[in-house]
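Next up: a single chain in structure tokens, the form predicted on its own.
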């Protein structure tokens, strides 16, 4: 169960993840040691899953964002596990969600060009375990992209 101090710690860390323990503790009005203990508890319990540096894909030569809706031929446990393992190995697939509804999965993929995506689709995506069909949509513009949760 998270209390108000835990939530303040998480909000502060989301807004400024580079804070030292000392700076974080000062912002949430705790001393160093209790702040450190709470942070370690949030990490060990899985509330804090990790920390990351956010990169600008376009600035790194990956301006194309594709949302690929995947439909599977089979829905047995082995096929699902094999697909998910294969997806984990593909760095171009930056997000993957198992879905309800008409499609089984949705991938967010970053690419250097539409042509590169076409090659990736033909040579990789269509050969993933159990894939029956893929419907691809290209993002025109990113309006909002955040890792901050509304806590």
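Residue numbers count along the first chain shown, from 1. Since we're looking at a predicted model, the values are computed, not measured.
Quick note: we don't show the form predicted in complex with a further copy of the same chain, though the next part is all about it.
4.5 angstroms heavy atom contact with a further copy of the same chain in the predicted bound form for residue 13: Taking the distances in the predicted bound form, the answer for residue 13 is yes, it comes within 4.5 Å of a further copy of the same chain.
Residue 35 within 4.5 Å of a further copy of the same chain in the predicted bound form, heavy atoms: No.
Heavy atom of residue 132 within 4.5 Å of a further copy of the same chain in the predicted bound form: No, residue 132 stays farther than 4.5 Å from a further copy of the same chain in the predicted bound form.
Residue 117: touches a further copy of the same chain in the predicted bound form, heavy atom cutoff 4.5 angstroms: No, no contact at 4.5 Å.
Residues within 4.5 Å of a further copy of the same chain in the predicted bound form, restricted to 113-151 and counted by heavy atom: Stretch hits, in order: 137, 138, 139, 140, 141, 142, 143, 144, 145, 146, 147, 148, 149, 150, 151.
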